[in-house]
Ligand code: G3I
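This document starts with one chain, in the form predicted on its own, laid out as C-alpha cells.
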C-alpha cells in the first residue's frame, strides 16, 4: 500500500559508500533525507509558541531540515478555527501551510471532530440534534474547503472511544447531541469537500493490544463496519503517547501490539500512521544515560513498524524539544528526541542510524533494470565519470571542500566560494542529465524537469556533492 517516493537515492549512495569514499551527501544526511530515501514521512508538530515567534531561530532550522511532514499543535482545532459561530480564523493555519509549502513538507490537519477544545458556543446546541449536525457540517465544509488541496490528510474524528472500556465516549458533545452516527457523517462530509485528502480516525492507547476488551480491538470492529458500509476512511492514526516501561508497572503497550493492528488494518486496505509519538519518563525521577539509550531503542522499535509494514507510512513526533512539550501535564518528562537546549538525544541517533541501515525487501515482481539498461546515452553531455561495476558513476570527494557552497532557488543553482566551477547534474539513478561551467555565480537549470537530483560542483581541489530539489 505504500507508494515509494520517486526520488530514492539508494543506488547512488551504494555506489558512493561501496567504494569506501565519503561524500558530503552521506555526511550531511538528515532524518528527512533518509526518510524520503525510504519512502516514508517523518515529522514533528509545530509547537504553538512558533506561531507567535516565541521560539529560537534554530528551532525552525532543525524542524525544516529534519522533517518532511508537519501538523499544528493546536492551531487547526475547532476552537482555533471557529472561535465564534460562523466566524472562521485561518491565520495561524495559513502560516503553517505556507511554511510547509516553502519547505516541501506534507501537511496533516488536526482535528475536525473532537470532544475537547470545542468552543463554548457549540454546547448551546447539545440538546438540538439537527442544529448540532448543521454546526459540524458547516465547520467541516468551511475548514476543509479553505485548505482543500493543501492539507494532504485530516484527523476527521479524534479520541471518540472511552478509556474505561471499549465503547464510545459518552460525554462528547457530538455523541451526546447526535449519537455515534456523527462519526460516519464527518467522514462523508470531509470526503465530499476534498476527495483527494486521506481521512483518519485518530486515538491513543492503540498500542495496548487488539483483543476485544482493548481500545484498538473495539476500533478495529468499527473500521470493518465503516469499510463494509462505504464510509471513506483511509487511515487510523495511533497517537502512541507511551511511558518508559521501567517506570510504570502498569504499562502494557508495545510496538508488537501496534504492528499487529497495522497488519489487521492492511487486510481492510486501511493505513496505520504514528501521529503523536512521545516516550516519556515519570516526572521527578533522575533520568540516566542508560535510560535515554533505552528510550532511543523504543523509538527505533516503533520506527521499524513504519519501515517494515507496507501500509504504514508516517512517523510523527508530538514535539521537537523537551523544553516545549505537553508531557508535563501527564506528569512525564524528557519524551522527545531533542533536549532542552535543542541538542539531539540518543533517540535521535537511534532513529538516524536505523534509517541509514534499513534495507527494504527486494520486490521480486519488479525486474531489475540496473543490469539491462539500454537507455541511449545523452550525447549532449560529455560524461568522463568513472563508472562502477553496474554502470553508476563513482563520485570522488575531496578531503578539503574549502568554502564552496551551493543552494537552489526554483530552477536557479547558486554557487558561492569560487569564481569558476564545473557543474554536473545526475538523476537519482546516477545518470548524467546536465553539465556546464559556472562563471557567474549561478547556473540556470531551466531545461531540467522538476524533481530531485544530485549535483557535483568541482573547483580546483574542492569537490562538493549535494542533493537538490528543482521545483
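Positions refer to the first chain, counted from 1. These numbers come from a predicted model, not from an experiment.
Keep in mind the form predicted together with the ligand is missing from the figure; the text below concerns it.
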| query | finding |
| --- | --- |
| Partner-contacting position among 153, 276, 82, 322 - heavy atom within 4.5 Å of the ligand in the model of the complex | 276 |
| Contact residue in the model of the complex, from 117, 130, 283, 341 (heavy atom within 4.5 Å of the ligand) | 117 |
| Interface membership of residue 73, the ligand in the model of the complex, 4.5 Å heavy atom rule | yes |
| 4.5 Å heavy atom contact, residue 159 and the ligand in the model of the complex | yes |
| The ligand contact at residue 239 in the model of the complex, heavy atom, 4.5 Å | yes |
| Contact test in the model of the complex: residue 405 vs the ligand, heavy atoms, 4.5 Å | no |
| Per-stretch contact check against the ligand in the model of the complex, the hit in 184-192, 258-266, 107-115, 221-229 (non-hydrogen atom, 4.5 angstroms) | 107-115 |
| Stretch 29-66: residues contacting the ligand in the model of the complex, 4.5 Å heavy atom cut-off | 48 |
